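One chain is shown next in structure tokens, namely the form predicted on its own.
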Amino acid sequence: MLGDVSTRLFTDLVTPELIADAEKGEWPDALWRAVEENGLTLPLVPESKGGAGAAWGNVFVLVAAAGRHAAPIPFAETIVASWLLSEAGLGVPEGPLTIAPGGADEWLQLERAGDEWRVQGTAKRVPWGASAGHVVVVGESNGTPMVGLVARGAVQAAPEKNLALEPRDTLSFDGTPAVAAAPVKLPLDVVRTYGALVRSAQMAGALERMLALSVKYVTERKQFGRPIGNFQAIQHQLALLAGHVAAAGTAADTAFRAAERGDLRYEVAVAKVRTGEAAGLGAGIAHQVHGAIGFTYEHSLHFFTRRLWSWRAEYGAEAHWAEELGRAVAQRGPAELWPYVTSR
């Protein structure tokens, strides 16, 4: 049901014109209100707190649908942010949320100041950091992991964008007061891990759309009196693309199911590596198949390829997660390699 609702909503509302306007800095208010009013932003929050009470495995279809339509809103970020607040026992405010930090060497400090908590540190490349209603931060206080909620306007923001022209802002916290904060039983790099998880689903969805656009184009574009999809070389390239799409989708879906167990680092690493690889190779195939028209702003292909190129680098690129996989295998020794891989 979540998949049907999200797919129908994004199909109706996310048009090329809306994406283009968002890339110019216009906030898609109608799209956000529709997503929020349909209850799609709080799938992991318990029903008793106003959410859907769904599992991570169910959330995959939501995030993949957003990627499949290049929805220009912090949809995935809001889902993770609301889950973090719920895990910390904090209330979830209305409106778009984002998460910080996400970098490997970025750590925020939360310090008690009288009756309130204050946040110290810098977070780079925060999605919609300046425009989200609140920022959910993960930091530490005297060695204890903390989740804090900071209102928009309370933090200094330096606007930046990624290749897809999505906001990726630098936020500077200088004793910034938190609306609320609480300890949480999660690792300090939780934002990076779950950020990589949702990016893998977004990339899986965007890859599906890229394949659909390519198949549609080769059936319409004619050369030498017949559709170019009839040529064996084109068929071979589309078969390769379809293989990458299928593998990426399976890896991402598996990672979301692992999140239900709470032991997801291995699956997230595999998903981010596989979807990142598919993004690079798949985008090249799609542009090659489309020819020159695929590089024009008027064609929709670039909305997905630019996002794929951007998302593969966020919350750890393939090299980062491949290194983590290598360390995990090396620590177990050669005799444990096959049992470790096949037991997941």
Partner chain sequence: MATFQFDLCELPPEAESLRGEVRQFLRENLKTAAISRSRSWGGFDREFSRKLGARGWIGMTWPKKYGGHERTFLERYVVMEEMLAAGAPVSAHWVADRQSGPLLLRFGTEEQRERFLPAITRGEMSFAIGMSEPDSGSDLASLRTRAERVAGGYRVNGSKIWTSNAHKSEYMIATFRTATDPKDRHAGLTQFLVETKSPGITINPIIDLTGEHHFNLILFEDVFVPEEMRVGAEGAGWAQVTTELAFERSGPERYLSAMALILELVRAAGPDPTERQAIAIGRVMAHLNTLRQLSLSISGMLQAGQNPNLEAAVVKDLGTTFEQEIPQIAHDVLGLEPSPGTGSQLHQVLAYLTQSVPSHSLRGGTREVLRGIIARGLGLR
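Positions refer to the first chain, counted from 1. Worth saying up front: this structure is predicted, and the values here are computed from it rather than measured.
Just so you know, the form predicted in complex with its partner chain exists too; it's not on screen, but the next bit is about it.
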property: 4.5 Å heavy atom contact, A20 and its partner chain in the predicted bound form; result: no
property: 4.5 Å heavy atom contact, I293 to its partner chain in the predicted bound form; result: no
property: Non-hydrogen atom contact H236 with its partner chain in the predicted bound form at 4.5 angstroms; result: yes
property: Close approach of A212 to its partner chain in the predicted bound form, 4.5 Å, heavy atom; result: yes
property: Contact segment among 73-81, 183-191, 127-135, 263-271, judged by heavy atoms lying within 4.5 Å of its partner chain in the predicted bound form; result: 263-271
property: The unique member of L149, L108, A88, V218 whose heavy atoms fall within 4.5 Å of its partner chain in the predicted bound form; result: V218
property: Its partner chain: the contacting residue among L240, L163, V179, A154 in the predicted bound form [heavy atom, 4.5 Å]; result: L240
property: Residues from 232-257 in contact with its partner chain (non-hydrogen atom within 4.5 Å) in the predicted bound form; result: Q235, H236, L238, A239, L240, A242, G243, H244, A246, A247, T250, A251, D253, T254, R257
